[in-house]
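Before any questions on how it binds or moves, here is one chain, the form predicted alone, in structure tokens.
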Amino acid sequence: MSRSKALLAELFAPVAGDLERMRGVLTDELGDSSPVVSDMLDHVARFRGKELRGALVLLAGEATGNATDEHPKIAAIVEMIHLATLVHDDILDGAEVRRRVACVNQRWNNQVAVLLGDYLYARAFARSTELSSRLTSRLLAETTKVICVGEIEQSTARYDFDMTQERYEELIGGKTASLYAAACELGARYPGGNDEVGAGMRRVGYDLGLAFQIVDDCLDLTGTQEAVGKTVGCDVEDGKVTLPVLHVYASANEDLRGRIRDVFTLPGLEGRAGVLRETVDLEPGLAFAMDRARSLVKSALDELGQLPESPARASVERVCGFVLDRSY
């Protein structure tokens, strides 16, 4: 077992049994009678990675005393939706590598990747209709809509160097934090009731998801494909102006602002993220972004402090630390 997998196994120890049951549901779902589709699903199964969202469903259930026999199925459904978003994200980003293997859009093509992402969404929602409560279907349908709106709005906000921090967080809240929020809320609320506790856990998930995406945006600027395990530099290539760049741009003089814009927009420029690092000192922006991620994690920890002490609560608290300290 790799060091990273051992760390995650330790973090998820309070729900280890249910996590295995979640993986069993995923294995059953990631198969099809079509040999072609089955081959693609086998490939996508290698994207499963950290399984943070599914684990948060289970940990939230345990931490709030709300765990049921259906929670592993809900966790699997959440992970399937996450897999679908990854397949579609890689098309939007023009990414080549995910979890150190070729993205679906690279191994096959964009058309196939779109259809496979849609297939995963369909399988997830079909499975959700088999649960005894409609809460999962309702909440995840709304969440998927929010994710799509977030991606659409981010696509129309390319090259917006005057974007406010509030707007940036609104965009990443839609495309990333909303699924973290739904995972924690479902864990705490399913099959119904527990509205106040569910709302508190939703806030935990949302803040944690925002912090996760901010760290991800920092890694996209500074990480390597070998360390991060996926294509990096996609944001600059795609014209996405993330928080570290927004902060540096806001404090730059007009000459430097022009050079930053050129890195994003000049046609034919290769390795834009590397050129950006050579053009401007990104450290103040990276430090600002990480400070914001830390403040979001603190907010999540403060909310968690209202729950009774338990191994599951302690694990969620450690997940918060993992999100900040991760290098992949």
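Remember, predicted model here, so these are calculated numbers, not experimental data. When you see a residue number, it is the position in the sequence shown, counting from 1.
Only in words, not in the display: the form predicted in complex with a further copy of the same chain, which the text now covers.
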Discussion item. Check for me: heavy atom within 4.5 Å of a further copy of the same chain in the predicted complex, for each of Asp32, Glu151 and Arg158, yes or no.
Written reply: yes
Item to complete: Give a yes or no for His71: in the predicted complex, does one of its heavy atoms lie within 4.5 Å of a heavy atom belonging to a further copy of the same chain?
Response: no
Worksheet item: Would Leu116 sit within 4.5 Å of a further copy of the same chain in the predicted complex, counting heavy atoms only?
Response: yes
Worksheet item: Taking heavy atoms and a 4.5 Å cut-off, does Ala252 contact a further copy of the same chain in the predicted complex?
Response: no
Fill in: 4.5 angstroms heavy atom contact with a further copy of the same chain in the predicted complex for Glu130
yes
Practice prompt. Quick one: from Leu246, Val112, Val197, Ile172, grab the residue that has a heavy atom within 4.5 Å of a further copy of the same chain in the predicted complex.
Written response: Val112
Worksheet entry | a further copy of the same chain: the contacting residue among Arg202, Arg189, His82, His88 in the predicted complex [heavy atom, 4.5 Å] | His88
Fill in: Proximity to a further copy of the same chain in the predicted complex (heavy atom, within 4.5 Å), stretch among 142 to 150, 253 to 261, 209 to 217, 177 to 185
142 to 150
